[in-house]
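This document starts with one chain, in the form predicted alone, laid out as structure tokens.
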């Protein structure tokens, strides 16, 4: 019995050491990958045409789902908040509540999750298929820098487009909230804007921009890294696309908690 318990403890220690080693190797490979992105970004030649192409593809193709989701979230959040404010006779606070929630948290987070599922999976699947079909190897043989052309351009594109998409998402979310408030309280658009943005500070806008840039960079790096290093044929392509989405969302939630703590420190300092 004691011998069996001892073997079980050793087995757990061995599995934990393997897990810790894989975690450390993963952090190391990610750091090397990110450093290479910065290096290739600053080194000419610059792939401006490919960056513009990717920005257009990411932005335009994401507009329909972001539009619908943001507008519905604005309406639903307003509907859910009204009963609680009615109990305290504070429905006049609805514009401020909606504006703060959307600008500070909902617009950056929802947009990032949408792009993680749509763009991140596309990047992982696209680069993964290029890797397993040896297209990336062919680019290397033809003296083309596939990392710069495929990875750097996509990371830069989604990082640049994310703040614009977040701003667009916030506008549509506020529009949905306004239509719901106007339908129930007959609040004018001017009153909604004045009350809604009275509590929005420069720090809130700065935090939203920082979040959008960080989230965009995270989605780009995760999708490119999983796709660029895919293996095992078509199975690896599916795993790369799935891992791009799951890992991006997980990291985004962690970044959200960290950024909120930092911003709150400056807000209440």
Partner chain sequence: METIQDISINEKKEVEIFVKGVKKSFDGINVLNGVDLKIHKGENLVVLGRSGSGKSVLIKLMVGLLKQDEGTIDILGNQVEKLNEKELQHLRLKIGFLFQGSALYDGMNVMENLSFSLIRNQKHLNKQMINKAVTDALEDVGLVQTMYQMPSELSGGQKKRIGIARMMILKPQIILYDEPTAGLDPITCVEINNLINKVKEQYHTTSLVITHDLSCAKFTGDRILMLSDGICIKEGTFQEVFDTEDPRIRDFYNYNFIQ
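Computed from a prediction, not measured in an experiment: that's the story for all the values here. Residue numbers count along the first chain shown, from 1.
The discussion below concerns the form predicted in complex with its partner chain, not included here.
For the three residues 118, 231 and 242, a heavy atom within 4.5 Å of its partner chain turns up in the model of the complex in no case.
The partner is absent here; in the model of the complex, the one residue of 194, 144, 92, 84 having a heavy atom within 4.5 Å of its partner chain is 144. Here is the short version: of 135, 188, 184, 198, the single residue with a heavy atom within 4.5 Å of its partner chain in the model of the complex is 135.
Considering its partner chain in the model of the complex, the lone stretch of 101-109, 127-135, 163-171, 73-81 in range is 127-135 [heavy atom distance within 4.5 Å].
Put simply, residue 139 is close to its partner chain in the model of the complex: some heavy atom of it is within 4.5 Å.
Its partner chain in the model of the complex is approached by residue 47, whose closest heavy atom lies within 4.5 angstroms of it.
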